[in-house]
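One chain follows as structure tokens, the form predicted on its own.
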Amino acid sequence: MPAERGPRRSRLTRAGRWVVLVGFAVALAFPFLWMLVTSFKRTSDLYNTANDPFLFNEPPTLAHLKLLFGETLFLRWLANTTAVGILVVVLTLALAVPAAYALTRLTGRWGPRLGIGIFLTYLIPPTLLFIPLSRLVARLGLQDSLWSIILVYPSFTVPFSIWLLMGFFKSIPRELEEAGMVDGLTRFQAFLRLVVPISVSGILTVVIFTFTLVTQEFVYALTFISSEAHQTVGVGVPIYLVRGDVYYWGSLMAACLITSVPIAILYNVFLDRFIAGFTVGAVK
């Protein structure tokens, strides 16, 4: 009997894991399935409550995609969002990586305290900051320009990134850098050749976090940018596809699907490194 319990318990464990895995997969895939079906449904099919919302009760249509690409500047918004995301990622890495390393290695016991203080600035709600920042943008003459959000976004991506990377740099033994400097490397060379390659997981986490935040940020982009041609996806889609009390659900879902799929793929490709970056940063 005890010998039989082992294989039975093992089968039950595997079955339980598969049930949990399938449940999570269905739950996570459901929004994408909903957006995909809605993108190709006719409007009459969408608003008929007697129809099955998960099936095509009427023949599919491309009208929603034609409206999205033909009557809005969706492709322009995608290009703006991509450009802003890349530049903000570059600025964030250029500021956060050396700052986190300096606070971890070069400031003694005050480094962690300063890191926590910097992180606390990330917790300030954007609704409290957009008014003074809008005055700053106006004085710089950057109204209705993508440069306004390119310069403002690092104000809340850099603090979080510094806090995250500090935890990652703490997990790297100091002896590794000391050995490199004994072999003739300078502190900066040891940082570039030894610390940065080991910290790829944390750096990728910062990249994904920053780019995702840029694509979904709303308050600053709405405040600083007014013309349609300079909008990002996060602002342009809800503004120009919600006209009064008319919601163009098919086009809205198509826009959400097109913008979310690349980010979802990016998350899945670097999932292991993403989890490692967050767990190391949180634990340390």
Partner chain sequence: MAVVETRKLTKVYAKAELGAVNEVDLLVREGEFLVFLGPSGSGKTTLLRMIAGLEEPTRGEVRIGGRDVTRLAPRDRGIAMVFQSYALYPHLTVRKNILFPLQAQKVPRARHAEKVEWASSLLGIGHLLERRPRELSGGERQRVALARAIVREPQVFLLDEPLSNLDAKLRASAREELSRFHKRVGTTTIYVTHDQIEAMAMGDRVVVLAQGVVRQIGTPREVYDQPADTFVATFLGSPPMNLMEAGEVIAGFRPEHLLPASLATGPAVPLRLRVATVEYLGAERIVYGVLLGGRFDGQKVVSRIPATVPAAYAADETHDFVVPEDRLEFFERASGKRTGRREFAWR
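Model, not experiment: these values are computed from the prediction. Positions refer to the first chain, counted from 1.
Although it is not shown, the form predicted together with its partner chain is what the next lines describe.
Proximity of P126 to its partner chain in the predicted bound form: non-hydrogen atoms within 4.5 Å are absent; the residue sits far from the partner. Within this chain, E178 lines the site of its partner chain in the predicted bound form, having a heavy atom no more than 4.5 Å away.
Not displayed here, its partner chain is approached by T186 to within 4.5 Å at the level of heavy atoms in the predicted bound form.
In the predicted bound form, no heavy atom of A83 sits within 4.5 Å of its partner chain. Screening L194, I208, L93, L142 for any heavy atom within 4.5 Å of its partner chain in the predicted bound form leaves a single hit, L194.
Among the residues I198, I131, A79, L120, the one placing a heavy atom within 4.5 Å of its partner chain in the predicted bound form is I198. Contact with its partner chain in the predicted bound form, judged as any non-hydrogen atom within 4.5 angstroms, is confined among 142-150, 163-171, 208-216, 186-194 to 186-194.
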